[in-house]
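A single chain, nothing else alongside it, follows as structure tokens in the form predicted alone.
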Amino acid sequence: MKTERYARSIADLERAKKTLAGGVSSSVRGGDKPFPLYFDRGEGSHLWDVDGNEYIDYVLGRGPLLLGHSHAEVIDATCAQLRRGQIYAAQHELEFELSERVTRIVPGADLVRFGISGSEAVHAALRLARAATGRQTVIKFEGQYHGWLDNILYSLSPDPLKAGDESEPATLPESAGQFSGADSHVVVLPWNDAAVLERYLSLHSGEIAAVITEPVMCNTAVIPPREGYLEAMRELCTRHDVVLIFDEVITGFRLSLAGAQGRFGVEPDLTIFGKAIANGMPISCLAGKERYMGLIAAGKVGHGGTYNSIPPAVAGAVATLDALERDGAAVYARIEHIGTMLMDGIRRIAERLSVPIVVQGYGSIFYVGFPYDASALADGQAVYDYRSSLAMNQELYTQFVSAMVDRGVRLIPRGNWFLSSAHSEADVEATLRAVEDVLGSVIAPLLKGAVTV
């Protein structure tokens, strides 16, 4: 690692640690590789750090920058509203302009409410499901993330020695200070196994208020649903009168204009969207069927927030959806094309260099990982749930990420790659040159035992 490239970032981090807990404002950022960098500006698909280093960015604010950094239409709309007012703590016409767009675009949206963060939208959805059903228990899935609040932060990355049986996982808190899973009325099941879900609902249907899921398991290895899995989940929830919640904070407006539900043709009862609706501006959205959202409209279920529908963010969201819808949502074909070109290129380079690799997902978001055992690649989809993701060598991928940063490509340490409409074929070509260099000069020698990870 070339530490001299990052002298100012290193100094900034040490200064920040004196007054900022851990030197970062989100614990996730503390795990950035090679260490948390400080950035100065972003434009399109590129970022510049405080040392002047330029990066092709596949982090994209952890996903929401579908149109890339500093998109002119979004910035112009946001700034124009800022000059008119920051916050009214009251109604304004932009919020129903946005809600009209969402209900037109999203199949499962009859009514919506806006907030600030995905975590609070999840909280509202769980409250709504419990109120609608009169039940307490929520089913979530091992390896999935639905925000950092106490009542749902369970078994995101559980210790396999404590996680219990694969078909009946333990419900483990991710942080000190949380209640037990039993006290929070949360049950964890394995994802992508319809038989396990059917068995549990048959035994406990009178207790279950909701099933909450990422429709694509983006927080663990961008795992696609098995054929028929989401359809089976929908049918089971309908049969047992359980509220089906899609957490589309990552997949929303990314897998298609209508998100994962539009791509797969499966409608949930409630959907959570995050900052992607506004190309990264602070906003979230709870959308759903009138049967459920009507409880909020009638005042039977409380939902509040001083910053809800904050005008600058709503203005940015209107501009974002207008850009995404333009020309029949043609932007999605472009993103898929660029992302697929990148995925295929990584696979070809790895094959040529005899480096076992997993590349799975979609053009707009995919996962890259190195398996401990190359024979796992012979069985089709190498990673299909949380337990199978443990077969990926995270230490080796950390080496890959650090080496890529040195070569001007910024990646998320856990393996996700995000694409935007701003990424170009030239970006792909430059990235693939870096990939070839790193796989050949860093990863291949590590695999051959020349260096110990």
Ligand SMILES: Cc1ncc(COP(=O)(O)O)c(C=O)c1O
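Owing to the predicted nature of the structure, the values given are computational and were not obtained by experimental measurement. Quick note: we count residues from 1 along the sequence shown, nothing fancier.
Same protein, other form: the form predicted in complex with the named molecule, not shown, and the subject of what follows.
Applying a 4.5 Å heavy atom distance criterion, does K275 contact the named molecule in the predicted bound form?
So K275 counts as contacting the named molecule.
Does any part of N151 reach within 4.5 Å of the named molecule in the predicted bound form? Heavy atoms only, please.
Result no; N151 lies far from the named molecule in the predicted bound form.
Considering non-hydrogen atoms and a 4.5 Å limit, does the named molecule approach P169 in the predicted bound form?
Because no heavy atom of P169 falls inside 4.5 Å of the named molecule in the predicted bound form, the answer is no.
Determine whether any heavy atom of G147 comes within 4.5 Å of a heavy atom of the named molecule in the predicted bound form, and answer yes or no.
Flag for G147 set to yes.
So which stretch, 325-333, 243-251, 193-201, 99-107, is the one near the named molecule in the predicted bound form (non-hydrogen atoms, 4.5 Å)?
After filtering at 4.5 Å, what remains is 243-251.
Which listed residue (T78, S256, S184, S117) meets the criterion of a heavy atom within 4.5 Å of the named molecule in the predicted bound form?
None of the other options qualify; the answer is S117.
Using a 4.5 Å heavy atom cut-off, which residue among N219, S364, N308, T133 comes into contact with the named molecule in the predicted bound form?
None of the other options qualify; the answer is N219.
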